[in-house]
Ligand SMILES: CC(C)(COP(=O)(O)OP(=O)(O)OC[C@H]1O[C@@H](n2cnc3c(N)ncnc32)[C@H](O)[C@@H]1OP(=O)(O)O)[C@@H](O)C(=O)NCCC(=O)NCCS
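So this first bit is one chain, no partners, the form predicted on its own, shown in C-alpha cells.
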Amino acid sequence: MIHQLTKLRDILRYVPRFRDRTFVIALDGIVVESENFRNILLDIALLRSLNIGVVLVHGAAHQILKLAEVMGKKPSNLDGTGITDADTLDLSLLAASRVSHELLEGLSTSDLKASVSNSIVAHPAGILQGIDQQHTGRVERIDTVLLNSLLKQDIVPVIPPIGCDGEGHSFRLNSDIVASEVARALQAVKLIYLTTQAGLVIQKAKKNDNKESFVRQISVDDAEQILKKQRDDITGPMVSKIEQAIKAIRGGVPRVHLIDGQVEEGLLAEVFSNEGIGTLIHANEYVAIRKAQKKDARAIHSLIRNSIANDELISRTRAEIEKQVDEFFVFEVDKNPTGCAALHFFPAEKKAELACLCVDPRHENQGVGTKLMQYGESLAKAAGMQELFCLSTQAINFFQQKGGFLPGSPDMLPLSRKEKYDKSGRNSLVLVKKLNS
C-alpha cells in the first residue's frame, strides 16, 4: 500500500507540469505487435485522463518485411531512408494502413477517439549523390492547424510514415524523422520513442572483452559528442533516434525519451519518475544545483531519512532543516531534489563545513555527490574560506578519492564545532582540505 501511495504521489507531482501539454509518442512497428501493446494503450488512456494531449506516430518496417515475405517481393528499403521503388511503396502503404488500423482498434477499446490524418506534407527526396530516391520523401511541413484541432476535440491523431504532396502523390518517410518534426511543430513537452532496446547502449570493445555501457540521462550537448566520436559504438537502431532527438531538442522540445516498448508500465515509469527506465536526452537546463528554499525542507528531510537510520548522517528534524535551510543546497533533476548538502561557515577561523551530503539511492553512481561536493567547495572559496572540512563515519573513501580531502583531527575543528563533536559521541573521522584562493 505504501509503495502504491508513493507511486501515486510521484505521478501527481508531475501532472500540473504536463496538463494541457502535448506528448508525441513514436512506436516502432514491431512494438505494435508485442505482447505489451495493449498495456501501452492503457498507459495512453491514463495520459489522456490527465488532460495530456497525445499524438501517435508509428513505424512499419517490421510489417513491410512480413508482407514482402508473403508476397514474394524484396523491399528496396525498410526504414524510409533509402531508395523506395514502386513495389516497396505499395508494401509501405499496405503495411502502414494495417498498423494505423490496429492503433485505431486498440484506442477504441480504451474509449479513446482517434483519427488517421494527412497532416504530413511531403515532397520527393529527389536525387541524392547522383541516385534517384524514387518514392522516398522528405517532410516539407506539418499541418499543425489540423493536429491541434484534433487534440482540442479530444481526438488522438495517428500519423503513419507516409506523406502526401499537393498533387496526390504518396511518399515513404522515416518514422523517426516524422516524430521529431511533429514534436517540433507542435512544441511538444516530450517526444518518446518506443522501440525494442532499453535505450542508448554504447559498445565498448577492448581486446577480447566486450562491455556495454547503458546511458540513463544525457544532455543534448553530450549526445552530440557521442554521435561525433562514438557513432560506431552505438548498438541497436539508436543512431537515427538520437539524431532526431537532438534535432527535436534544438527545435524547442525539452525532453526526448528512448525506452523499451516491451516493458510493462514502462511508459508511465519513464514519464512519471526521475530515474525512468530508458534513456533521457534533455535540454541543458534539465539538471541544476541551487540554493535550497523553505519549500525544499520536506524533500531534504525525506532524502536524508535512510542515511540517518543507517547512522551515516547525524539526525536532523524537519524543523531544524527549515531553520537552517539557507545553508543547504540541492541537486535537481527535472525540478525535483535528488541530492542535498549543507555548508556551515565559521568566519572567524575562515573555515567551512561540508555537511549532510546525501543522494537519492536511485541516482547514486551518476556523479551527483561529486557535483554537490564541488559546488560546496566553490561556495566556500567564494566566501573567502581557507579550509573546508567534513565529518564522516562511512563515506571516508568518497571524500578522499573524489574530493581530495585528507585525514585531520578533532583538534583542527573550530571551537564551537569541536564542542558539538565531543558531545555527539559519533567519533567521526575529520577530513580537511585546504582551499586555494
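Position 1 is the first residue in the sequence shown; the rest follow in order. Here the structure is a predicted model, which is why all the values come from computation and not from measurement.
Only in words, not in the display: the form predicted together with this ligand, which the text now covers.
In the model of the complex, every residue of the candidate spot (369, 395 and 399) has a heavy atom lying within 4.5 Å of this ligand.
Using a 4.5 angstroms threshold between heavy atoms, residue 365 counts as touching this ligand in the model of the complex. The closest heavy atom approach of residue 358 to this ligand in the model of the complex falls within 4.5 Å.
Residue 313 belongs to the set of residues with a heavy atom inside 4.5 Å of this ligand in the model of the complex. Of the heavy atoms in residue 307, some are within 4.5 Å of this ligand in the model of the complex. When you look in the model of the complex, the only residue of 61, 44, 388, 391 with a non-hydrogen atom within 4.5 Å of this ligand is 391. Just one listed stretch, out of 154-162, 350-358, 226-234, 261-269, contacts this ligand in the model of the complex at the 4.5 Å heavy atom level, and that stretch is 350-358.
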